[in-house]
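Next up: a single chain in structure tokens, the form predicted on its own.
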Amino acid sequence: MLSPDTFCTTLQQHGITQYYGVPDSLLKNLCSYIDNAFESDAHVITANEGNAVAMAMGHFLGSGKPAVVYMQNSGLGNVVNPLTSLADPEVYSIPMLLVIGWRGEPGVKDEPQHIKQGRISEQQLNVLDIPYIILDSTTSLEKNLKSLLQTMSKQSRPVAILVKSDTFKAIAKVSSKTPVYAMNREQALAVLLPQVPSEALIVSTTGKTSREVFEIRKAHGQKNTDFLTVGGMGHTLSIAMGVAKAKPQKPVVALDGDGSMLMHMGSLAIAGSSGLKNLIHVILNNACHDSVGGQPTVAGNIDIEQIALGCGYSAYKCYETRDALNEFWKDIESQLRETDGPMLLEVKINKGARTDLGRPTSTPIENKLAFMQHSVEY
């Protein structure tokens, strides 16, 4: 396997010492190394991948040096506009190195949401006219990476690396912080879900949240009729808004994560101005990207109450203990009688999940049909 130290040292030799991006499980060892080896201002975990491209552009404009933009290949959709309308050689011609985790690589078993994205990743880079190499544990950095970086510098353009799974070696783990809250995400969901009445419609965010919702339903012998969003990070709230608008007579609960909320934060302003009295936005806030390695978000340092109320939400409430969360639906019912718009409920939790956490056994299409059937049964 490739040492992150060797990789980053090669980049330093070409004047690249700044990193922006959105965490990915295939790149977690690289990100951990960057956090340990570089000063804190050399690494910024951004809200979304387009945000990272724009920051890399600003870094070049301010310093004359290119930066790294890292992401999962699912993030290619978020960078099409800034890459083509800003960084492209036919516009501002900005050099930067895209480091892309190749989920769903053809021939490698992966989850449903990654299959098509993995199959078309090379095609996307070709359409965007971005020179790229494929990196695995056997790739010669001396030859392949240096040649790519020379192309980036000489032509002043974005270039990319598609990173296969198991490319980067793990580094020694830094001891985790002591838990500060009463529950982790699965424990909070186990308290919250039984309170939600059967007629309510639940949309859960991608990653471990939907996996845990599925596991809890299975453990209680319940048919899963919740919409388990398995991809499209950052769009859970918008999906729930669409459902709430179509089903105004039913409560609609969006189970969101802090990283997802931050990724497309503008949707909070749309929700707040929507007037959807039946929309309940729940943010499970552990201040990290728990599903891809536990890298921190800024959600532990911002005032979500002020953001929600400033965006027009009609009510906000925060839960930190089991006893408080046991009153979750009572709080909602009282607000539903008085509210003139959506409410936001923040649940502060610890990071971490079970190592034996399962995955939904239903296909996305089966899940969709079960959810739609449930929505008309009540």
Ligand SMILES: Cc1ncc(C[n+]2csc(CCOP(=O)(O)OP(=O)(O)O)c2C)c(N)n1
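Heads up: residue numbers just count along the shown sequence, starting at 1. None of the values given here were measured: they were computed from a predicted structure.
Keep in mind the form predicted in complex with the ligand is missing from the figure; the text below concerns it.
> Any chance 209, 233 and 286 all have a heavy atom within 4.5 Å of the ligand in the predicted bound form?
Result yes, every residue of the spot touches the ligand.
> With the partner removed from view, which of 267 to 275, 291 to 299, 135 to 143, 149 to 157 is the stretch that lies within 4.5 Å of the ligand in the predicted bound form, judged by heavy atom distances?
Flagged stretch: 291 to 299.
> Since exactly one of 213, 202, 263, 308 fits, which has a heavy atom within 4.5 Å of the ligand in the predicted bound form?
When the ligand is considered in the predicted bound form, the option within 4.5 Å is 263.
> Looking at 167, 184, 224, 72, which is the one with a non-hydrogen atom within 4.5 Å of the ligand in the predicted bound form?
When the ligand is considered in the predicted bound form, the option within 4.5 Å is 72.
> Test of understanding: in the predicted bound form, would residue 121 fall inside 4.5 Å of the ligand by heavy atoms?
Judged by the heavy-atom cut-off of 4.5 Å, residue 121 is well away from the ligand in the predicted bound form.
> According to a 4.5 angstroms non-hydrogen atom cut-off, is residue 101 in contact with the ligand in the predicted bound form?
Although the ligand is absent here, residue 101 would stay clear of it in the predicted bound form, with no heavy atoms inside 4.5 Å.
> Looking at the partner-bound form in the predicted bound form, is residue 360 within 4.5 Å of the ligand by any heavy atom?
Contact with the ligand, no.
> Evaluate residue 117 for contact with the ligand in the predicted bound form, applying a 4.5 angstroms cut-off between non-hydrogen atoms, and reply yes or no.
No, residue 117 stays farther than 4.5 Å from the ligand in the predicted bound form.
> Which residues within 238 to 271 place at least one heavy atom within 4.5 Å of the ligand in the predicted bound form?
In sequence order, 257, 258, 259, 260, 263 come within 4.5 Å of the partner.
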